[in-house]
Ligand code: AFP
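A lone chain, given as structure tokens: the form predicted alone.
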Amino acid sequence: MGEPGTTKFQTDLRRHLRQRGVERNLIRIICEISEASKYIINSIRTGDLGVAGTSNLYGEEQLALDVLSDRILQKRLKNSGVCASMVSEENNDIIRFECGGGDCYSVAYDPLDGSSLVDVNLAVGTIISIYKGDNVLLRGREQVAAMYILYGPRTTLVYSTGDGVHEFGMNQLMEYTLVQENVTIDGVGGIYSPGGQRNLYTSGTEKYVLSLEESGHKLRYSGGFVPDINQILMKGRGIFMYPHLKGRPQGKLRLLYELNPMAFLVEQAGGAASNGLMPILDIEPDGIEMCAPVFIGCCEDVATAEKFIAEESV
């Protein structure tokens, strides 16, 4: 990181994307999403915290903020003219658009991950996965970009187009300016963020968690996927897990909207992401509703999780 006032701190998101040689229409998609986040921030600060009276494709009751955030993003993507299709955790179907000239892209997103935390004033975020062409039902390895926006004490945007992971902060003019380039994760970490009920962990996962505690890992869990992954990336260490559970072998988190984009970012930073048996980015999606267990963070910690699960066969 440089000092305030240096050129590095004056580089805005669009300029940075151009300097990295990102394709023009992909820049447009990323910048449209960054613009949408400004309206989502305002909705979080001033919007209705109640329920919307509807449910998503998982049967979960939607909050008014979920629905509004989804509409904001959908409108920006449609108006970009370069989005061929999009799918959201809040919709039951893939939505297709007319795409103009040049390269077109498809986007899968969670408009407001952790929205149930807003009423108690905890950090939440938007998660984005981007593919070239008109198909989002691809392995995560096929992503051309991934990003998230974290709405916390500061609003930050983290993105990768396959050339490292870069962090931007929103300034007083609501512009995203560069904070740091090439964020990296160490091989092994000292913190862990465990999702799911521990009494439902399988024997392999339980033994793994015990090994983390015995090695001195400290529990740091916010209840939000975006802030917990941001913690790992920005501290450069740690592991997040939402494992397979007794009675819920596929875990809880969604492959398209949550796991693929975060796995892409973490791998780009030098970390790893696994379902306990194979890399998240190599999983073939069987539908937009697919879920998977996840162990994501430092490479050595993820490899150790896979070892315990293989030894116990669960």
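As the structure is a prediction and not an experimental result, all values here were calculated from the model. Just count from 1 along the sequence shown to find any residue number.
The same protein also has a form predicted in complex with the named molecule, omitted here; what follows describes it.
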For the chain shown here without its partner, which stretch in 180-188, 133-141, 203-211, 219-227 has non-hydrogen atoms within 4.5 angstroms of the named molecule in the predicted bound form?
219-227
Spell out, yes or no, whether the shortest heavy atom distance between Gly114 and the named molecule in the predicted bound form is within 4.5 Å.
yes
Partner proximity in the predicted bound form: Gly196 to the named molecule, non-hydrogen atom cutoff 4.5 Å:
yes
With a 4.5 Å heavy atom cut-off, would you call Tyr176 a contact of the named molecule in the predicted bound form?
no
Whether Tyr242 contacts the named molecule in the predicted bound form should be assessed with a 4.5 Å heavy atom distance threshold; does it?
yes
Identify which of Ala272, Leu256, Leu253, Ile29 has a heavy atom within 4.5 Å of the named molecule in the predicted bound form; exactly one of them does.
Leu253
